[in-house]
Structures are given as C-alpha cells and as structure tokens.
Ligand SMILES: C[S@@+](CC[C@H](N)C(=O)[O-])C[C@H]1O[C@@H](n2cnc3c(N)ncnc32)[C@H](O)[C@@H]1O
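Next up: just one chain, as structure tokens, the form predicted alone.
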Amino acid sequence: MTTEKVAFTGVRQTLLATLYGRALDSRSRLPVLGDTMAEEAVHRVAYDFTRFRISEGEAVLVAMRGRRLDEWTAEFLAVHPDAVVAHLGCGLDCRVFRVAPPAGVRWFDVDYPEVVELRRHLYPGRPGYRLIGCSVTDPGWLPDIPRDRPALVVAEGLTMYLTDAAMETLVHRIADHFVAGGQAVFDAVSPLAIRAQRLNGILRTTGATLTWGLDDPRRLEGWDPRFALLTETAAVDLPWIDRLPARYRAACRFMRLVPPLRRLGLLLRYRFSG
C-alpha cells in the first residue's frame, strides 16, 4: 500500500485530527458515522495521528457533527436531485461518498491546493464530482460552479478559523453567486469557545487558532437579508449523546443547564435566495 507524506502545519493539521476522529469512530462497536474510508485514509497517510491524543468521547463528538451535516445534505438533495453542492474547506472528509448524491447532482469539494492534491491520491473520483484547489476566502472557487441550480453550501470545522470580515464576505458571495437560491449548513462556535480555546488539546498540538465566534445565529440575516435561519441545534442536543462515554454524557447534561455552555457549539442551517 502506498503511503502519502504530509507536511501540514497550523490550521491544515486540524483536518488530520478530524479525519482521525472519524476513523476512531469507525472502529467502534456502535459507530455514529461509520466512515470506513476515513479509517483507510489514516492507514495511507504517513503521519503520527496518535499525537492528537483524541479520546473516545472526542471521536464520537466529531462523528455526531458530521452525521448531522450529512443528514441535512441528504435531505436537501432528496428534494433537489439536480442540485449543486459546494463543500467548503472539505479537508479529507468523505461526505460525497457517505451521502452518495443522486446522479444529477454536481458536487464540488473546495480546499487549499495541497489538500486537494492529497485527496486526489487518497480517494477515487466519481461522476459529477470535482475538486477545486483554492482558499475559501478567495473568490476564485466560484466561477467554475454553476449558478443556476439549487445550491447547497456545506462547511464543517471551517467557520471558526475565519475572520468576522471574511465570514460576512462569504455570506454575500454565496447569495450573489447562486441565483437559484438554496441552503447553507455549517457548524460554528460561540465567543466563549474562542476565549476558552487554550483548553482544546488539538489546538495546542497543531498551533491553530480559532478566530470567529458567533454570538447570535440571526446575525447572518443582518449581514444579508437574503439569508434566513431555518434550524439551530446545539451540539449537546444531538440525538447520539447516548453513544458517548459516561463522563461526556454527564458533561453534556450539565452544559444543557447553563445557557452559555449549551451554546458553545452550534449546527446551523440557513435558506438563502439569489
């Protein structure tokens, strides 16, 4: 088996941590996501994943977030089998393979060129699927994506690494480009999570820094009236909490009782018009 060398630093290393979390979940007796492709990719990347020290509970939390975004993606594509999907900051996520979109869907995975190149070595192609090597803060990823189809923009583990200005610009670009409208689904963290990031072991290991916290999900509606909040779900309210180890379940129950802690991590779904 050919192994792929990586030399990622900073925020790019976090995509390896997320990949490892999904792989650990797939090894579980009762996985939440069951991403066996993540497990295969871990064995093909020449990197010491154990340095992240991801616990069983952290792996389940990663899988829970991914599964909810997968579900929202599948729901949208069931209604719009001719849609276009823009998966921003895709990292090494196998979402396109897990969701297995209908034949009429055109799916675009967008990330830094070096990440896209690694994906080419790790994962197969599929009809209607294309990779774009570009930073999501650069408008260069937009021109190659059709504008006139219902669009789903999905991002996982991305927004918290953007600046406030970059996130607002991204919201405008999405609504400007996709003239047929659609949905945007992503996860976000609160300003409290930004202030407490020194407690995050993965950030300490990678040297990455969180920069954007969302205090009110309706803030995006203020940025651009073409955006409307559809769904707001706290991470601690996801239905797979019972898969967590006991101490994580207890922590989630406590966090639900304290509003600032309950909103540390959110999964959000918006409708936008073109």
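Counting begins at 1, following the sequence as shown. Remember, it's a predicted structure, so these values are computed and weren't measured experimentally.
The next section is about a form of this same protein that is not shown, the form predicted in complex with this ligand.
Trainee: Just one of L118, M167, L152, V136 has a heavy atom within 4.5 Å of this ligand in the predicted complex. Which one?
Mentor: Going through each option in turn, the one that passes is V136.
Trainee: Taking 4.5 Å between heavy atoms as the contact cutoff, choose which of L162, L142, L131, I194 touches this ligand in the predicted complex.
Mentor: After the contact test, the surviving option is L162.
Trainee: Taking this ligand as it sits in the predicted complex, is R262 near enough to touch it, meaning that at least one heavy atom pair lies within 4.5 angstroms?
Mentor: R262: no contact with this ligand in the predicted complex.
Trainee: In the predicted complex, is there a heavy atom of this ligand that lies within 4.5 Å of any heavy atom of D109, even though the partner is absent here?
Mentor: The answer is no: D109 has no heavy atom within 4.5 Å of this ligand.
Trainee: Heavy atom to heavy atom, is C252 within 4.5 Å of this ligand in the predicted complex?
Mentor: Heavy-atom contact with this ligand at 4.5 Å: absent for C252.
Trainee: Test of understanding: in the predicted complex, would L24 fall inside 4.5 Å of this ligand by heavy atoms?
Mentor: No, no contact at 4.5 Å.
Trainee: In terms of non-hydrogen atoms within 4.5 angstroms, which of the given stretches 177 to 185, 74 to 82, 101 to 109, 88 to 96 touches this ligand in the predicted complex?
Mentor: Going by heavy atoms within 4.5 Å, the stretch is 88 to 96.
Trainee: Is any part of 143 to 160 within 4.5 angstroms of this ligand in the predicted complex by a non-hydrogen atom, and which residues would that be?
Mentor: Result: E156, G157, L158.
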